[in-house]
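Take a look at this single chain in structure tokens; it is the form predicted alone.
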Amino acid sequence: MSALAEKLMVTPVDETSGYDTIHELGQQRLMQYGFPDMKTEEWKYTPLRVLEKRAFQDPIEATTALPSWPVDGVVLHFEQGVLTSDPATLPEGVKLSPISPDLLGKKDYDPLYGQREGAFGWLNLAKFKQAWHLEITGDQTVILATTLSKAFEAQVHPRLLIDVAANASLKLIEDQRDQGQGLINIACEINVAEAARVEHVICRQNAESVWIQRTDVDVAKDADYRVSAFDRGGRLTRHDLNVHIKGAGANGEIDGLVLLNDRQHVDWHTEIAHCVGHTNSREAFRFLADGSGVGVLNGRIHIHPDSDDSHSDLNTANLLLSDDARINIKPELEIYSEEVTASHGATIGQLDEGSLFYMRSRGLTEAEGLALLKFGFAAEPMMQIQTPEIREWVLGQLKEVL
């Protein structure tokens, strides 16, 4: 077992929860594979030195005030990874209950998490204390609010399974706010049933905590899954987002925006997998890196055998706003069917001095001109949010930052 695994596994898990077999599987795999290092291809741009230096404490009770949101919906508040909302008060069409050990045990996690590249998935299986099953029917709006207080120095491993029923519609907002300096390691699975619709918006604002998240999405026949992520940076954050399109007529889309500044490192690893034919997907990501910020994007389109008539496009455009900022971009196409269309494009550049000069000639200050140029570049992915109220809310946050 690696030194990092020993540090993170030092706290014993609760063996009275009924999840003994799942915890044991996670522990075994973690001991077998260990954590990734700079020689691990999928982690070569994201070192874990920050975690190695941390001394984690037991969680302490905290209460964080929640913000307001632009739409009415069910609010599920996870304070330091622990659900504080009452599942018994949820309206019809929204059901929240603990995941049964039998349901967790049916899944084959080896092909999902792999070896050391999926170490945080195995760590979550080994250490989670709460695992929730959210079931959606009808037309619903759900807000997952995750907050970490200033005193947060613990490690927590929340787990959530979301089932969206056939023909249902879900607006899902993940509002994630960190003020601490611990570790939160989230595992989320979303199943989008036949002809269901999911609009998923992720807004993340981190401080010094290490924020690791893995989201695995299965999209069934004629279903539609669209995610828009606005990541405002943090000391070290990593999100593995995997969309598996498993039914003909299904569609999957990813739009992302990352803002980076000094001492921040943000890593997004995305995969859209066309498991069958007659499917569509699209991905667009933008990074703005300032100060000494480091951004990583590994975007992968995987078209499986016998997936003819699949169509996909991956595009990323990025801005370096300082001499010390870095952006590492790796678009990938892996295609095993012939009758498909797939493309990718990637650019990294700087702000156009000519455009800035034009704005200053029209009376804007340099700061105003820079803010306007950055907003025009950054807003494009967020314009894809379908619900107008949510779109304006996210763009309002972007204006505040810039």
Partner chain sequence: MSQTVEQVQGVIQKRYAAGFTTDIESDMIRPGLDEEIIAMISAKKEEPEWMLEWRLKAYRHWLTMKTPNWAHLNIPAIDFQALHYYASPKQKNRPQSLDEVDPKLLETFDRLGVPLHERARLAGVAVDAVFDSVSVGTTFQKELKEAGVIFCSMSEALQEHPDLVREYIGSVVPHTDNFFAALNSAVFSDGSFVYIPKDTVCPMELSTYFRINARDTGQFERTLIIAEPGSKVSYLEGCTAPMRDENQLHAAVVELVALEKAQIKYSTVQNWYPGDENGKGGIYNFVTKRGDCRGDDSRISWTQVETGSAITWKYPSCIMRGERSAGEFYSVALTHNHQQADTGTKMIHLGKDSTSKIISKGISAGRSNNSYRGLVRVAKKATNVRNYTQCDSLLIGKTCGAHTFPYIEAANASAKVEHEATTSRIGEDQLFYCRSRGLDEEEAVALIVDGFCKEVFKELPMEFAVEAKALLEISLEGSVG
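Numbering follows the first chain given and starts at 1. Model, not experiment: these values are computed from the prediction.
The next section is about a form of this same protein that is not shown, the form predicted in complex with the partner chain.
Can you say which of 315-323, 161-169, 203-211, 278-286 gets within 4.5 Å of the partner chain in the predicted complex, counting heavy atoms only?
-> Contact-bearing stretch, as computed: 315-323.
Would you mind picking the one in Ile335, Ile60, Ala371, Met38 that has a heavy atom within 4.5 Å of the partner chain in the predicted complex?
-> Only one option qualifies, and that one is Ile335.
Check each of Gly234, Gly247, Pro331, Gly121 and return the one that places a heavy atom within 4.5 angstroms of the partner chain in the predicted complex.
-> Answer to the contact question: Pro331.
Do all of Val71, Val75 and Thr84 end up near the partner chain in the predicted complex, with near meaning a heavy atom within 4.5 Å?
-> Zero of three within 4.5 Å in the predicted complex.
Please check if Glu194 has a heavy atom lying within 4.5 Å of any heavy atom of the partner chain in the predicted complex.
-> Answer no; every heavy atom of Glu194 is more than 4.5 Å from the partner chain in the predicted complex.
Hey, in the predicted complex, does Gln350 get a heavy atom within 4.5 angstroms of the partner chain?
-> It does: once the partner chain is placed as it appears in the predicted complex, Gln350 has a heavy atom within 4.5 Å of it.
With heavy atoms only and a cut-off of 4.5 Å, decide whether Pro47 touches the partner chain in the predicted complex.
-> It does not: once the partner chain is placed as it appears in the predicted complex, Pro47 has no heavy atom within 4.5 Å of it.
Leu364, heavy atom within 4.5 angstroms of the partner chain in the predicted complex = The answer is no: Leu364 has no heavy atom within 4.5 Å of the partner chain.
Taking the partner chain in the predicted complex, which residues along 114-129 bring a heavy atom to within 4.5 Å of it?
-> Nothing in the stretch sits within 4.5 Å of the partner.
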